[in-house]
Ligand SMILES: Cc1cc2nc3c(=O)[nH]c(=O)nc-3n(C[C@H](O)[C@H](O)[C@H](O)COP(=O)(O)OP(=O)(O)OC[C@H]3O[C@@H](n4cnc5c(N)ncnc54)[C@H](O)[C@@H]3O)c2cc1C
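Before any questions on how it binds or moves, here is one chain, the form predicted on its own, in structure tokens.
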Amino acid sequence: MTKRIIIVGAGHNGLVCAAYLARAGREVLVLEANAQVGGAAVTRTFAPGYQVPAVAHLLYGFDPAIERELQLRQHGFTDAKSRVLTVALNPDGAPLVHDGREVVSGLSHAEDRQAFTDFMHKMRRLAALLKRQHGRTPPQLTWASWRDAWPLVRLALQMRLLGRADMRELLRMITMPMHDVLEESFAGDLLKGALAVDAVLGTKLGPRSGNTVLNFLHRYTGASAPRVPVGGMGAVSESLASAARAAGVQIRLGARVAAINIESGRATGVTLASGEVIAASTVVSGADPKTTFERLVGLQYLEAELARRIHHMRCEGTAAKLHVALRALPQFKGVDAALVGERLLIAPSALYVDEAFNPAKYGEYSTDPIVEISIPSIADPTLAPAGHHVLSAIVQYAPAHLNGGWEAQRAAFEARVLAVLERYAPGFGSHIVATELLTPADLETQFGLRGGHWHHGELTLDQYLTLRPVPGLGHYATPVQALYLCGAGCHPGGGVMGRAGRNAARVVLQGGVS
């Protein structure tokens, strides 16, 4: 029997998993449906001469241990901008600027300056506890020995070591709506709006929804500020692919997996859309859990309760992606030219964010959406022709299951988003060369993200840690022998971090749950 390990999907987690398995001496084959590696972390041409990060556009929390161990700097990974500031655009004046630790400029209430520093210091202390869990297999809730119980005991001890005050704050806030925390902490609307975005971006949650503090903490488990890689996010994936190939991994592009083959309760390989059957001793799926089990494996191979949980896993995306090719750099109201290359936010208050969310509850898109803007061509001019630029914007809220369908309303939504950009950057429309709008439906079709959810599922307490993606699948191994998960639907969740792939490789090498 072949000893080959097949990785389904060449997303960043799949590539990380493959590289570690190959470095341990395993024969690894990665099968990717698309024509380039990276999944949602790719750079592609959307208009002649203009390249843009297709989905993920800022690097927040990539694991430095992976960067170091896989020697990614030797495989082409480097930063175009290593410390991106957050600039909250103000429709009526100067923006607010912060670096994730302190406010740089633009506060309307002086007391918020120290309050922000203290708040972020506290939140980073709490996020550090979550970060320590990211590199580990989640603790088991039941165990047969003290060895199995140790991860849970260790987590409890680390919570206690936070100290009484921080432990109480974590337990108090972890299920709270971010809105309530912001109201008790700050006075300025612009600051509250900017922080509310970090609690909801990429989710089907509003600032008044529970679990948004958890999402905020998850975002801040990474570095102090996001980065812009040279060559866009696709360059990160290409460096991972290069490191994997150097370790002996074979990567086949244009090889869409149609089914994971199961015999006598064990994964035995895959069948491609072409009909080709490839045998393997182990299969590791980087696809989201719903796609893996509902489309590739078949729910009939699972117990009824586990199949029900997977079917009802929440993974409806509400974030769209807008790409704009520009013949000149836009001028945003009140923003100094030196700040245009930073992370720009349109979310002037927490109330604005909440009102943007309201239509999504009922299957409608927001007419005044929140927008996260990056112009990566400022830091990396290779992405556009000389003197021209590309703008990459995440737009929320745009529900995957839009009433009336996206094809009928795509043009109207794009026009609405461009009108919002025009409001904050007068004359913006006159600079446009080309546009591309990717709705959640497009994200599912083009990148295989079920429901268009780029995190492979909501990050809420019932889909977190050992409960992610669902109870019974929290440890990368699955009830199907020799079948494992390694994507963002696993612990620790979404974002271009690579930790799920690294953790999954360790579990595969140990032959099961660690």
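Keep in mind it's a predicted model, so treat the numbers as computed, not measured. Sequential numbering from 1, following the sequence displayed.
There is also a form predicted together with the ligand; it is not shown, and the following applies to it.
- Residue 315 falls outside the set of residues with a heavy atom inside 4.5 Å of the ligand in the predicted bound form.
- Under a 4.5 angstroms non-hydrogen atom cutoff, the ligand in the predicted bound form has residue 449 among its neighbouring residues.
- Within 4.5 Å of some heavy atom of the ligand in the predicted bound form lies at least one heavy atom of residue 321.
- Taking the partner from elsewhere, residue 454 is found to have a heavy atom lying within 4.5 Å of the ligand in the predicted bound form.
- For the options 126, 173, 443, 402, the residue carrying a heavy atom within 4.5 angstroms of the ligand in the predicted bound form is 443.
- For the options 478, 460, 43, 34, the one in contact with the ligand in the predicted bound form, meaning a heavy atom within 4.5 Å, is 34.
- Residues of just one listed stretch (469 to 477, 43 to 51, 483 to 491, 65 to 73) have heavy atoms within 4.5 Å of the ligand in the predicted bound form: 483 to 491.
- Three-residue candidate spot 97, 326 and 390; no residue lies within 4.5 angstroms of the ligand in the predicted bound form by any non-hydrogen atom.
- Contacts between stretch 380 to 411 and the ligand, counted in the predicted bound form as any heavy atom lying within 4.5 Å, involve 394 alone.
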